[in-house]
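The chain below stands alone and is given in structure tokens; this is the form predicted on its own.
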């Protein structure tokens, strides 16, 4: 009799435990519903992403289990070196059904992907109350980053404006700021450069007067890297790749002046700088071989990380120097959903979660770059990360038209980058190198229909 009573009690306890657990789950679901959003609506799905091995994405990786626990969605990441991503993404997005549900794309690829019908427009997702996270605050995303990473079909095809469609949101986006060795500038009483002339003078002085340290570090490797290094200076010099009629303008007097300045500055960089990619440029500064860095703002996280930088506690920050203007880089990465994605709605939830205010703060803490105005302007974050205060001042000067993000840009970019490298190595003079590129680039633009 006693055994029977005990068995009945155990069954009752088990039933109560299950009922309690179900009640807790129901209560949580009700709470989500009351708050206006159901994060678990695609529970059980698996999404596959293609991400770069990049500081901001690396900062996200440890956080992904939080999303999986919150939503019940499994996330698989195909992590690649970023210059290898393009061909694999095109291959997958050209299939009737590809492997990727969410991709990270370098801004240079967005127009190519969108005009080929490889990406889903995002407006329908943001306008769907069942899918759009109410507290997302789209307007808080850095406007220039949104235009540069996300819009296609407006001004010049690749910018916002009338007729533009949103295909991406920023994550790993950037502009350019200057990072310098505060200790060296203080010890030698060097003025922090505010203009291009002052920047050249400071780099020259450091190279000639500071033992074992060169003045400046830059990308210079033939092709994309050299062209990216050059474009950093073209906008402030008032130069552009094309004029308003799509005619080549990279051999104009202002464009040549920017290239001549860059060639002169390479005298004050470490040996082998003409073969530097972005990592070589980074390492020259991180290891203390160069005193001034002027390039992508995402580098700040590495520079102040004692695990990666030997100079993490010796840094100063300044805006992009002035020539005709302070127009700075717009580049980096954005997130898009392939047109042939198998689980686009679940991918959209992941996209929103990744770029939400709450997760952005955690990404920043892990060394990633900010992409929301509320973060760069936050006094507490500015006190913790001094580069944020400079970035907040620089963002109004970001140039979304920093380079022509047309589908043909990959080919043109490589051609011009070879010519820039030939100038930096002394193989050709600036005017000669750029003049020789006019005919082949113009042929591409005629073939593509930009020039009649």
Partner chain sequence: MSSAKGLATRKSPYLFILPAFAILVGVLVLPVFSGIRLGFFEWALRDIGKDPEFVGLRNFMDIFRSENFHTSIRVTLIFTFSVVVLELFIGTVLALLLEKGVPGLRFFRTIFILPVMIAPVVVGVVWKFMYNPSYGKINYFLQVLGIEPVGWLSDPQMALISIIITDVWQWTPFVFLLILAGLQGVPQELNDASKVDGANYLQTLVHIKLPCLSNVIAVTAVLRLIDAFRGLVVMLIMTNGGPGVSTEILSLHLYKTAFTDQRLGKASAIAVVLLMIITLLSIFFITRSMKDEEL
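Residue numbers count along the first chain shown, from 1. Just so it is clear, the structure is predicted and the values come from calculations on it, not from any experiment.
Note that the form predicted in complex with the partner chain isn't included here; everything after this is about it.
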message: Each of 99, 140 and 392 having a non-hydrogen atom within 4.5 Å of the partner chain in the predicted complex: is that the case here?
response: no
- prompt: So which of 156, 304, 86, 263 gets a non-hydrogen atom within 4.5 Å of the partner chain in the predicted complex?
  reply: 86
- request: Please pick, from 134, 272, 163, 124, the one residue with any non-hydrogen atom lying within 4.5 angstroms of the partner chain in the predicted complex.
  value: 272
query: Does at least one non-hydrogen atom of residue 428 fall within 4.5 angstroms of the partner chain in the predicted complex?
result: yes
message: in the predicted complex, is there a heavy atom of the partner chain that lies within 4.5 Å of any heavy atom of residue 94, even though the partner is absent here?
response: yes
- request: Although the partner chain is absent from this view, report whether residue 386 comes within 4.5 Å of it in the predicted complex, heavy atoms only.
  value: no
Partner proximity in the predicted complex: residue 118 to the partner chain, non-hydrogen atom cutoff 4.5 Å: yes
query: Tell me which of 413-421, 64-72, 397-405, 37-45 has residues with heavy atoms within 4.5 angstroms of the partner chain in the predicted complex?
result: 413-421
- request: Give, in sequence order, every residue of 194-232 that has a heavy atom within 4.5 Å of the partner chain in the predicted complex, or say none if there are no such residues.
  value: 222
